[in-house]
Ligand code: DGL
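Listed next as structure tokens is one chain, alone, in the form predicted on its own.
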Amino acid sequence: MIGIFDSGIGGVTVFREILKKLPNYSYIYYSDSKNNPYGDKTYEELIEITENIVDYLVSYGCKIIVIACNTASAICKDYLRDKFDVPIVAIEPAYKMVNDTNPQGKTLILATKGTLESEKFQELYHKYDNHNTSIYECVGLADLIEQNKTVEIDEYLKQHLTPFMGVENIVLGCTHYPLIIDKIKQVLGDVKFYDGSLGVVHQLEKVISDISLQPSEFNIKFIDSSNKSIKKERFEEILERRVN
């Protein structure tokens, strides 16, 4: 069994890619909407939150944990890997992919405060900085997406992204952001998007091979910490399938 968690439904964008390549396993998706958003939490708060989630998923029988949240990954992955005796796959902003495919292109990185201020992100950014990149902290955007406030999202993007007209590449540094790609295009045009989901799939494939995790009867269990039925409905809508 493989456990996946995020601060809400954003991580479903990662889970969709996982299922395309690895459909023959059993999964638990843990949506921590009770504590959403993660981006404005302190280090201590995030450590406590994510440790409790991983402890729960491991006790449930998960053999691999996927952190499908950029903020939790950037801040907590090293601590969690030291704490738990299970492989932990963690997402990161796909800035390296820009370096690999369009290294000189005008680039915009969108992420939460927690991700941008993390040591891990700063290392990644300075390693691949093309000196033609802007970084923008999207305060409150993940929460608007989590709550599916479409009108407010449109207003937010128009207000905050219009100054970046002319960018070629956009790095989506939060797993909620791929859910509004079409809306971002309405403001910035036909830009190229990069997110970390494919990197997670590649990591997960390697870990499955390394620990010889055998395929199992396919099953998806959904858990939401706020226990709101609307969360399951959105999860199924985004994933395009029914779940337990």
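In case it trips you up, residue 1 is the first one in the sequence shown, and so on. The structure displayed is predicted, hence computed values, not measured ones.
From this point on, the text means the form predicted in complex with the ligand, which you will not see here.
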Ser118: heavy atom within 4.5 Å of the ligand in the model of the complex? no
Indicate whether Tyr38 is a 4.5 Å heavy atom neighbour of the ligand in the model of the complex. yes
Give a yes/no on whether Thr50 approaches the ligand to within 4.5 Å in the model of the complex, heavy atoms considered. no
Partner-proximal stretch of 6 to 14, 230 to 238, 217 to 225, 19 to 27 relative to the ligand in the model of the complex, 4.5 angstroms, heavy atom: 6 to 14
In the model of the complex, residues of 60 to 84 near the ligand [heavy atom within 4.5 Å]: Cys69, Asn70, Thr71
